[in-house]
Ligand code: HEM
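What follows is one chain in structure tokens, specifically the form predicted alone.
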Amino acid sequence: MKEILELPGFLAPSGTLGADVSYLLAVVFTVLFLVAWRFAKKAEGTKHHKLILVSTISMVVYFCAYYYARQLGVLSFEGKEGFGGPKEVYDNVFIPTLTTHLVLVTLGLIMAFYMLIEGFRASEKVNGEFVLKAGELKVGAKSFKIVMFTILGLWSVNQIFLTTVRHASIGVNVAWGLIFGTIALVVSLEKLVEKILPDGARRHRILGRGTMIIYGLLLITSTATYLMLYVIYPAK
């Protein structure tokens, strides 16, 4: 798979197939989220709900598949070898942009999981249409413990499988640890957020706008990184 992703791209002369597909999907997912957000602004809850569900699941599946194929993803995989510009630009522009992008990717994935779960909990069907329900939205202490212990149990089983069956490297173990850690962070995030924004409907609207800002910034940093790597300062 990695060999296929490293084939010549179609967007820029110096681009790779993996980089081009990754960038185009970033644009597609951002547009889909913007359309879904527009549905929410127009109070078309069912359309918003369905499009967000499909878009989020597709984005997570794509990210996991791409991560598995390239280990660290195309941008971080390229690193200094993929940047052909001056060292000053690399240190002062490229690295800060790439670092910001990777931080936003992490935040975006966390919020994707969180908003998907919170959306189901904060909505109800009225006359066949999904609508946000006002009122306090909290996770019970017992349910919270059950979820956290379940995550811990699944991580333990996965680690045993990776160690005894796949004989996975330390990097793979760390990667899976980060995935399960992210899931646990999403669950833990709810306990903090519910204290700050106890009303479920208001919480969903405010965090939804914040999540859209993250995805917008993701597209900007992704575009800047792609241009620097494959258009302005391609590797020689």
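When you see a residue number, it is the position in the sequence shown, counting from 1. A quick note: this is a predicted structure, and the numbers were derived from the prediction, not measured.
Below, we refer to the form predicted together with the named molecule, which is not included among the displayed structures.
- Of the listed positions (L137, L98, L107, M115), a single one reaches within 4.5 angstroms of the named molecule by any non-hydrogen atom in the model of the complex, namely M115.
- When you look in the model of the complex, the only residue of W37, F29, F180, Y62 with a non-hydrogen atom within 4.5 Å of the named molecule is W37.
- In the model of the complex, none of the heavy atoms of F161 sits within 4.5 Å of a heavy atom of the named molecule.
- In the model of the complex, the named molecule stays beyond 4.5 Å of every heavy atom belonging to L102.
- In the model of the complex, the named molecule lies farther than 4.5 Å from every heavy atom of K191.
- Put simply, G200 is far from the named molecule in the model of the complex: not one heavy atom of it is within 4.5 Å.
- Heavy atoms within 4.5 Å of the named molecule in the model of the complex belong, among the stretches 137-145, 119-127, 150-158, 89-97, to residues of 119-127.
- The partner is not shown here, but in the model of the complex the stretch 26-52 reaches within 4.5 angstroms of the named molecule through a heavy atom at F33, W37, A40, K41, A43, G45, H48, H49, I52.
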